[in-house]
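A lone chain, given as structure tokens: the form predicted on its own.
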């Protein structure tokens, strides 16, 4: 039996999104199945004694035992080609906009629509490899299509092609995704688009170590807890702590070439905000719509639970496709907790033995499979590409000891823990500096040293200052600040400056919404210089009240909103006034000491 032939079975049992069918023993694991009279999309997830266990990606309400199940003998795949960018899909790559046009606000069971526009013609500019008789290999770039103003889409030889030379090649011109642009000596036709199984990682030449930070413009991330290009990060936090808002800010301002945003099991109103706001956002690098370098995958909490499980795999497969073109791709997965809950529900339906809190025992394995597809690599086409994964985690009640958060920490190296108290105080981003950490700081240090060698030292000083301030706050809450000597009270003063003038950042302020790396380091360096010099003056006998009364203190806190990123002269002026005021105070108390 060839792979193109279908196999027809019969539904024998239905348990929510899990359907059992007999007669599919000749099929393979993860093969796609059209289930029932409505031909709902499903996937075989278990085969035993000729009975296939199928998870259905659509609402199967009304399905009956005895209906047919048709297996297509191919794995669940996404179609990769020009037209992906700027499109909004569900978890199984159905374009929601075209489905809305044909069937309205509610998806009809079994409703299909092509993921890419088959009628649209794309202008192909051939590369040197696209000529008759040329030697090729998987990943070889055949030409380019201008997908959007921001994305020049490389058309390459799919990894599954076995031929090693071109028997025929098309000339420059306009082609649809279903028209061949080349043919190998084995008769294989190459198109602008091809399919790829979502659960199979796309191949690459070799993996590289990470070395360059993903610049987000958010000071608490870039300076304190940096994420590298090709790295993995988690944003855990309870309801209302700002997970989605933080991901929005990173998606808008980070220096990735492409954004893949996966709304996995989030509330409908929250996903509506994403779908309505993203097309309105302006890409700061190009001045055009952010959607010109964004792909959205929407799977809200009221959509079928099985589609939520596969949406992460669909998203990261799309990301790998653009990584193979040499792009830096950033994935926002919001949230992996809802994805894990989908796994738990499906596992329960299959009557599997539960592990911690009802989650299946293979939860860590599935998390690892997802996060391990991130990385910085040399694609088959050469050059470099990367996938950075930022996964939001929604622990119930903000409990970071629950299984999803704990297992996620095993596979990520950057942890941005959202703090409920900071969020309640309207301190955003609400990333707590005590529980958060980044293991990429050493890897990206060389990059920062080339930009500003002071980054490592001021970062270490500021983190130490904030840790000392936390310990002092415990004493202050018990017996008040008056019992502390001025040499320790100055820590509280400067820590407050760091919180308000550096860590807190407004997404609504035209100046403060994005901070370039050079400005970030200078602000923190000025604050650390203020602390160092103030401490020395206090040790010479000056009271803390004199330090607190200096006008430069408020100026330093307001640098973030007062001076634009390129206004180095204005920032230097604040530093000069700070040194002048501290010099005067230092001279005054040196004289007093001499007398």
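Positions refer to the first chain, counted from 1. All figures in this text were calculated on a predicted structure; none of them were measured in a lab.
Beyond the structure shown, there is the form predicted together with a small molecule, which is absent from this document and is the topic of what follows.
- This chain is displayed without the small molecule, yet in the predicted bound form the stretch 502 to 510 from 347 to 355, 160 to 168, 502 to 510, 322 to 330 comes within 4.5 Å of it by heavy atoms.
- By the criterion of a heavy atom within 4.5 Å, residue 315 is excluded from the residues contacting the small molecule in the predicted bound form.
- Looking at residue 515, you'd find every heavy atom of it more than 4.5 angstroms from the small molecule in the predicted bound form.
- In the predicted bound form, the small molecule lies farther than 4.5 Å from every heavy atom of residue 471.
- Contact annotation for residue 299: none of its heavy atoms lies within 4.5 Å of the small molecule in the predicted bound form.
- Here is the short version: of 75, 403, 279, 238, the single residue with a heavy atom within 4.5 Å of the small molecule in the predicted bound form is 238.
- The listed set 89, 428, 440, 448 contains one residue whose heavy atoms approach the small molecule in the predicted bound form to within 4.5 Å, identified as 428.
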